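This document opens with one chain alone, in structure tokens, the form predicted on its own.
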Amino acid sequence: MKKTINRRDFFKLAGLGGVVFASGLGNLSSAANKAGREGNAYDDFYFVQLSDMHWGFEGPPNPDAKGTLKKAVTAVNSLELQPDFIVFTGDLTHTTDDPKERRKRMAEFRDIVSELKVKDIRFLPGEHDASLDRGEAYQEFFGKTHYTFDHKGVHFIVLDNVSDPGAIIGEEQLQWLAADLKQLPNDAKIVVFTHRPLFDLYPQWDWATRDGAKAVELLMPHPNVTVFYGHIHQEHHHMTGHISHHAAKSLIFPLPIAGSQPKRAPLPWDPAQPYKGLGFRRVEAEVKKAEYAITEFPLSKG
């Protein structure tokens, strides 16, 4: 079904969650206003990013661990206009040393997200899914750990910076990235999905990719690059030169601000505000200008 978002629809959608951030590349609400003034509709698209579900986790930081992912599926399905596609940016499941249990969790996760109305779903692994077996079980359920796809004029690149337990992308994948970028025009609209940040956010807490700078260096010649990632369980925005990087909230428990406490321990569950700090985001793309507007949705408005 063709998904055309006109100005009225845009503001109706924005009213659900509130646009809280527009990337450094621009603001789609301005485009919507312009389209409205000119009496035109704009035919762009949006996708939904969900991250760090940790299916299989149990503990006080989320006493509703078995219900939260299903709640998120319901929330996405209730969006008035469904996204073009959905991306899960890693840690689909929580780490377990038992290979049989690992696969059981992946099967359960896959079955739950199959209830999403949108069937174009893109996955990438987190270290909880892939670091113990270099992505072997993950690939059985979700396919390749790094790949590309194109959608309405935007080139999407999925990078795997978790299957190597050393938190690296690796030379082989970097060469693959270089070859992929080489075939693109310099002004191509590029979106990169990763699990870990590609920059050194806080290496003491494993919030970095050891060779991430090499990937950023390969991307730098292209003026229209945006990176979306997970891993740190909170909304965060950062620029490396002209490249913007945006971390998404978690769907299991929030983590503290980098360096704000001695250990990277989950923030405690607040019974007065259940699901506080959990959520997902919508990313609207204006293809012609390579602009993105990010809207953060809480998992619960309560």
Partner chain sequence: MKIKSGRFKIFILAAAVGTGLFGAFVNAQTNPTNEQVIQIVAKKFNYAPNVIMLKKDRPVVLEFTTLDVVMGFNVPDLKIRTDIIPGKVSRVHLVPDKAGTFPFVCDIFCGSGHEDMSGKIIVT
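Residue numbers count along the first chain shown, from 1. Owing to the predicted nature of the structure, the values given are computational and were not obtained by experimental measurement.
The same protein also has a form predicted together with its partner chain, omitted here; what follows describes it.
For a residue to qualify, one of its non-hydrogen atoms must sit within 4.5 Å of its partner chain in the predicted bound form; none of D187, P223 and S244 qualifies.
In the predicted bound form, its partner chain sits beyond 4.5 Å of every heavy atom of T74. Under a 4.5 angstroms non-hydrogen atom cutoff, its partner chain in the predicted bound form lacks K214 among its neighbouring residues. Although the partner is absent here, S131 is a contact residue: one of its heavy atoms lies within 4.5 angstroms of its partner chain in the predicted bound form. Its partner chain in the predicted bound form is not approached by E108, whose heavy atoms all lie more than 4.5 angstroms from it. Checking Q204, Q175, S114, S78 for any heavy atom within 4.5 Å of its partner chain in the predicted bound form turns up a single hit: Q204.
A167 is the sole member of V154, V118, A167, L181 with a non-hydrogen atom lying within 4.5 angstroms of its partner chain in the predicted bound form.
From the list 215 to 223, 123 to 131, 80 to 88, 140 to 148, the contact stretch for its partner chain in the predicted bound form under a 4.5 Å heavy atom rule is 123 to 131. For the partner-free chain shown, T95, D97 of 92 to 123 come within 4.5 angstroms of its partner chain in the predicted bound form, judged by any non-hydrogen atom.
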